[in-house]
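This document starts with one chain, in the form predicted on its own, laid out as structure tokens.
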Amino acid sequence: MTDAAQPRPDETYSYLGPAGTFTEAALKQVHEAAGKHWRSVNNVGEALADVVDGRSTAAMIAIENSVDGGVSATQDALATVAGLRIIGEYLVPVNFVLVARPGTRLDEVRVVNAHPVAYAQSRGWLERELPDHAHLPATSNVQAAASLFENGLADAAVAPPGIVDHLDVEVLAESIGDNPNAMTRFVLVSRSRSIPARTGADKTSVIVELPDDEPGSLLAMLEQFSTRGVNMSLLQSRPIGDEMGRYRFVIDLDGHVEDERVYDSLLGLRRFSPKVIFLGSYARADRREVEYHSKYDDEIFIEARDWLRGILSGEPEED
């Protein structure tokens, strides 16, 4: 995973760095990435540009947090950067420590450097233990800690627990996150058009625009899934940006595109919407098998199509 001269793009993975971030922790879960070159980048746009321009075979990016919901920068990028597919998802528990330069005491902390998301997730602890502190925003969780040695503007930083493996910092407090069950969901994105085989524990991600802004449009979109027994594990709106009141919807479906109920719902969705972006079908990170009513089994959809095909071909109907 160390830098090498002229690394091959097909053996390079991009991630939001530097080393020690939660994104790196997610990339460590990818077996195919072990022993390959990992390219540290500064933001989601740069990570996806690496993939599109062929500098990397895939990029690991955060897409959803259990506390704050969808990551808007990622969702907007996936809606506007063509040719990308999600090929896997990974979950990383999120917790934080408060670190400082060696020799600093907790009662000496006046300014805390923290990424805005990390700050929001540890704000309760900070306000309780450091009621007079000021917040200095950082561009990443690791950069928050690194800045302690770069400019000295902050006395302490909110950072991932693994930061002690990369920087000479002293931990002033552990487990300062307000939600001990916080989790971030990451996705591995590539240009591959090959869809991972279905496992029975899958997700399908799409981005959809409504055909018009009139009463019932959103309901009509949702009915494409409800009438086929497809559950949505994520539904989030994002402004399209061309005018006020226009939104696209980021949707995660329980199931694989090869599942008949999902396949049929996507057909209905494409007939309904002027723009559907298929982001991919991939195995769930938790490997939890998708549950659905037996009336939506594959065989039910196949039998219905065979029945109608028989009518159109003039086959005699069975009693």
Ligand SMILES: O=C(O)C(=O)Cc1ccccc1
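Here the structure is a predicted model, which means the values were calculated and not measured. Under this definition, the rigid core comprises the largest set of C-alpha atoms superposing within 1.5 Å between the forms. All residue numbers are counted from 1 along the displayed sequence.
Below, we refer to the form predicted together with the named molecule, which is not included among the displayed structures.
- For the named molecule in the predicted complex, the listed stretch (208-216, 123-131, 90-98, 222-230) containing residues with heavy atoms inside 4.5 Å is 90-98.
- Taken together, the three residues 38, 51 and 189 all stay farther than 4.5 Å from the named molecule in the predicted complex, as judged by their closest heavy atom.
- The closest non-hydrogen atom of residue 75 lies beyond 4.5 Å of the named molecule in the predicted complex.
- Contact check for residue 117: a non-hydrogen atom falls within 4.5 Å of the named molecule in the predicted complex.
- Within 4.5 Å of some heavy atom of the named molecule in the predicted complex lies at least one heavy atom of residue 141.
- With a 4.5 Å cutoff on heavy atoms, residue 14 does not count as touching the named molecule in the predicted complex; it lies far away.
- In the predicted complex, the residues of 19-39 lying within 4.5 Å of the named molecule by at least one heavy atom are, in order, 21, 22, 23.
- With the core superposed, residue 137 shows a C-alpha displacement of at least 2 Å between this form and the one not shown.
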